[in-house]
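Presented below, as structure tokens, is a lone chain in the form predicted alone.
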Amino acid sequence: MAFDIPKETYSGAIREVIIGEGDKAVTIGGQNAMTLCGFEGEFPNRPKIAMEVYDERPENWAEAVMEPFADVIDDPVKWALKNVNEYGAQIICLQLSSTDPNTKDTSPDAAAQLAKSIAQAISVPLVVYGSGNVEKDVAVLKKVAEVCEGKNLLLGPVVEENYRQIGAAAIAFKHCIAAQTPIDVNMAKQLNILLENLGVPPDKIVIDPSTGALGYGIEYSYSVMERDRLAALSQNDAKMQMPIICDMGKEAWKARESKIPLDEEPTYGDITKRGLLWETVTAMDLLMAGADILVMRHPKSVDVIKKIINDMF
């Protein structure tokens, strides 16, 4: 007797969102079934890997993750090009950490010019994240949106405290929004509603649910992302049918286990392998939970996840 695999039927689908312009554009989303359930639906667009670039020399990074970028770490444009040309990044995520008023307080003009230089140099789409300072991100991301008009960047993190200003700039200058909430389904839905009421088209919104790393809240992140997807697919909730971005590389590599020296924890094993595994397993968990974009750091971890994506889809 032939065995028929039980199948779930979903009434909803994830919207497709295009990031980038022209030949640089990529499409995310579009699936109408839960991740790993290709036998139940269609997955027209594979998840994408974005690689980080910082606007300043990173501090307190593990040596293992500094080494691949040693020759470009002080030049964000060269760093971005290396990620694309040598490491196969499908998207670049520029982290404007130096704009934080509590550190270097880099000006919005300088940050925007850097974003424009990278957007022009690379052959893939660009995601631009501010420092996470709510007020400063308004000034920074508004200027980035203006200077990079029409390039269809993905701008974030946009939160409830600053969505009006950044959302208006995204509408005016034709960009997408990464709407970030603190690991909560209802808050994610509410922010999407607020952005749509402002006038941001739903196919210009990507959900950033906030994510933890392996051992640091990954199970809660997984659970919330799964509930996001069930709301979109099973409940056909139009306000939750946006793709998901996980800015997870920074979380994985700040975990104690990924950077503590071997002489301090002799039982932990090789520090380089440990860090790579920490990022890879974190990425795999989030991929299974429904991530459409994974923002990653180490090229070897990226290679593993790209192979897994090829096998899965």
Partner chain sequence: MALTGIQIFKLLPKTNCKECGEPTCLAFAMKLAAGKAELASCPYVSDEAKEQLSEASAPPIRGVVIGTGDNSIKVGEELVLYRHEKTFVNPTAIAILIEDSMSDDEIKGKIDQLNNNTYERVGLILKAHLAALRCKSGDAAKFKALVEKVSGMTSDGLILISDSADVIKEAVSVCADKKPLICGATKDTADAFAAIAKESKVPVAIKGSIDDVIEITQKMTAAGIKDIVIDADEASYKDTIKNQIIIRRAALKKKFRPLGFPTISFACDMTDDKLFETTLAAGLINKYAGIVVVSEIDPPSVLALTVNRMNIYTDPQRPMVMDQGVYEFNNPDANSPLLITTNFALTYFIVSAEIEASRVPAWLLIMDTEGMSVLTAWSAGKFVADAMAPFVLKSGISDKLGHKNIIIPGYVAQLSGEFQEELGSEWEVAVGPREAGDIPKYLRKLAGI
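In this text, all values refer to a predicted model and were calculated from it rather than measured experimentally. Numbering follows the first chain given and starts at 1.
Although it is not shown, the form predicted together with the partner chain is what the next lines describe.
Undergrad: Could you check which residue among Trp79, Tyr87, Tyr163, Tyr216 gets a heavy atom within 4.5 Å of the partner chain in the predicted complex?
TA: It is Tyr216.
Undergrad: So in the predicted complex, is the partner chain close enough to Ser123 to count as touching (4.5 Å, heavy atoms)?
TA: Answer no; every heavy atom of Ser123 is more than 4.5 Å from the partner chain in the predicted complex.
Undergrad: Indicate whether the partner chain has at least one heavy atom within 4.5 Å of a heavy atom of Glu226 in the predicted complex.
TA: Flag for Glu226 set to yes.
Undergrad: Contact between Glu257 and the partner chain in the predicted complex at 4.5 Å, heavy atoms?
TA: So Glu257 counts as contacting the partner chain.
Undergrad: How about Gly269 - does it come within 4.5 Å of the partner chain in the predicted complex, if we only consider non-hydrogen atoms?
TA: The answer is yes: Gly269 has a heavy atom within 4.5 Å of the partner chain.
Undergrad: Whether Tyr222, Leu230 and Asp311 jointly form a contact site for the partner chain in the predicted complex is the question; each needs a heavy atom within 4.5 Å.
TA: Yes, all three are in contact.
Undergrad: Based on heavy atom distances of at most 4.5 Å to the partner chain in the predicted complex, which listed stretch, 63 to 71, 248 to 256, 48 to 56, 22 to 30, is the contact stretch?
TA: The contacting stretch here is 248 to 256.
Undergrad: Judged by heavy atom distances of 4.5 Å or less, which residues of 26 to 43 approach the partner chain in the predicted complex?
TA: Going through 26 to 43 in order - heavy atoms within 4.5 Å of the partner chain in the predicted complex - the hits are Met34, Leu36, Cys37, Phe39, Glu40.
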